[in-house]
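Before any questions on binding or motion, here is one chain by itself as structure tokens, the form predicted on its own.
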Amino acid sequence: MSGRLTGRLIALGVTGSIAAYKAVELLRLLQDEGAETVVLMTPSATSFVGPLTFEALSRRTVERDVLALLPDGRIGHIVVADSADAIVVAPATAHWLAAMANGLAGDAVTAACLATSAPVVVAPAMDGEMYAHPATRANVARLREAFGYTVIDPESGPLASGQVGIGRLAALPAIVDAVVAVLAGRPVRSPEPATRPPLVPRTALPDLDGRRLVVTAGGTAEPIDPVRFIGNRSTGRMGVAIAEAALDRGARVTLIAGLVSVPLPERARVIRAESTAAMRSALLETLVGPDGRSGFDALVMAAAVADFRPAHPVGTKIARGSALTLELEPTPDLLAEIGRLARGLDGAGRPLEPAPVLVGFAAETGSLDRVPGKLRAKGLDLLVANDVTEPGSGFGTETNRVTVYAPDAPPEPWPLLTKREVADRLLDRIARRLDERDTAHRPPLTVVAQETRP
């Protein structure tokens, strides 16, 4: 995939801000532009995001120790400093800004910036009063004026402290645009792979370990008679890619498979359901567990379920004739029904606990204008839409170009990706929402005072 950073090696420095979780998505955006990536972290940054996450995405060892050596004996952060086309520090804390402004190389991020001649882009993130302090402002000015760094000022908005002010990490696309701008007209600095930090075998994220996912895949066949049916062009590739990616990340996966033309993963529990009615029965079977709680943590409805079916299927083969007229009736909207049941909106039902994450897919033609209405009507957490008439984005292709919709965020268009890459990105968001769900419902800690005796 070609992009504005194709052939470049971009180093991402992550420091100990609560905004560190956004660096994961920033890494993805840099990769979308064609960049190879390597990550450096300060010790405090690892308290917010584990290095394994960045290693799995970048396929390079995270540099977090100034004394660490590569397998061939080279000094890790020096190799980054010598080969990266640019270093992006995002988020940059007040502590890091102060250390960098005074040349204190106590961590891998600062050391690499001191040792490089490549452009450095810095995106601060901190509490508003901290960013407004004269010391911080002086450090920012020194980075800009004395060092020539590109500093992207933080934005105004709600902060981790609960206050509202200037301190939020700048929008991620703006950071990417700044990287592209500072590299405009510059040749690739170190194009030979041997001069760059070495790649490591791909590592699967364990962020869905033990989670229960139900994934639907393929099309449905609505019978006309025992040998004919109404179907669609779905092959099941997208749903199977999601199931395989979830299994690689430790999830327990139930795959409800309609008509598919790709192999099914052996590690998943597979339920065959080749009609809308059969798929509905399978979904209802998995909805509630034996303990009365939610039967899954997330449902990803990637199957292309038929919208219509013959109203009067017959039990014997219809004889060939000059014409055949079929009366069609709408099929049940399975995802909307499961959503109502999961949210406790049907009759006297109660919401499922813990609340599952519900994800739908919408195959559209020519326009995605109807998608926001579908998101609201079905009560979904995420809706993945694509225009199946676009080259490389239809049924049976190895790639997909999707836009992800959520009720709490603007539409997020993704570039043309392999279906496995779409699956991994989607699971990133599902894992994040599950973590947020669990954090929101975690009971407060109880502190028990103990009597002390002399």
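For every residue, the number given is its place in the sequence shown, counted from 1. Quick caveat, the model's predicted, so the values are computed rather than measured.
Not on display, but discussed next: the form predicted together with cytidine-5'-triphosphate.
Student: Among 91 to 99, 364 to 372, 143 to 151, 113 to 121, which stretch has residues whose heavy atoms lie within 4.5 Å of cytidine-5'-triphosphate in the model of the complex?
Tutor: Careful reading of the contacts points to 364 to 372.
Student: Given that cytidine-5'-triphosphate is left out here, which of 242, 80, 179, 303 has a heavy atom within 4.5 Å of it in the model of the complex?
Tutor: Contact check passes for 303.
Student: Taking cytidine-5'-triphosphate in the model of the complex as the reference, which of 332, 198, 344, 165 has a non-hydrogen atom within 4.5 Å?
Tutor: Selected option: 332.
Student: Applying a 4.5 Å heavy atom distance criterion, does residue 258 contact cytidine-5'-triphosphate in the model of the complex?
Tutor: No, residue 258 stays farther than 4.5 Å from cytidine-5'-triphosphate in the model of the complex.
Student: If we define contact as a non-hydrogen atom of the residue within 4.5 angstroms of the partner, is residue 237 a contact of cytidine-5'-triphosphate in the model of the complex?
Tutor: Outside the cut-off, so no.
Student: Should residue 360 be classed as touching cytidine-5'-triphosphate in the model of the complex when contacts are defined as heavy atoms within 4.5 Å?
Tutor: So residue 360 counts as contacting cytidine-5'-triphosphate.
Student: Verify the contact flag for residue 307: yes if a non-hydrogen atom of it lies within 4.5 Å of a non-hydrogen atom of cytidine-5'-triphosphate in the model of the complex, no if not.
Tutor: Yes, residue 307 lies within 4.5 Å of cytidine-5'-triphosphate in the model of the complex.
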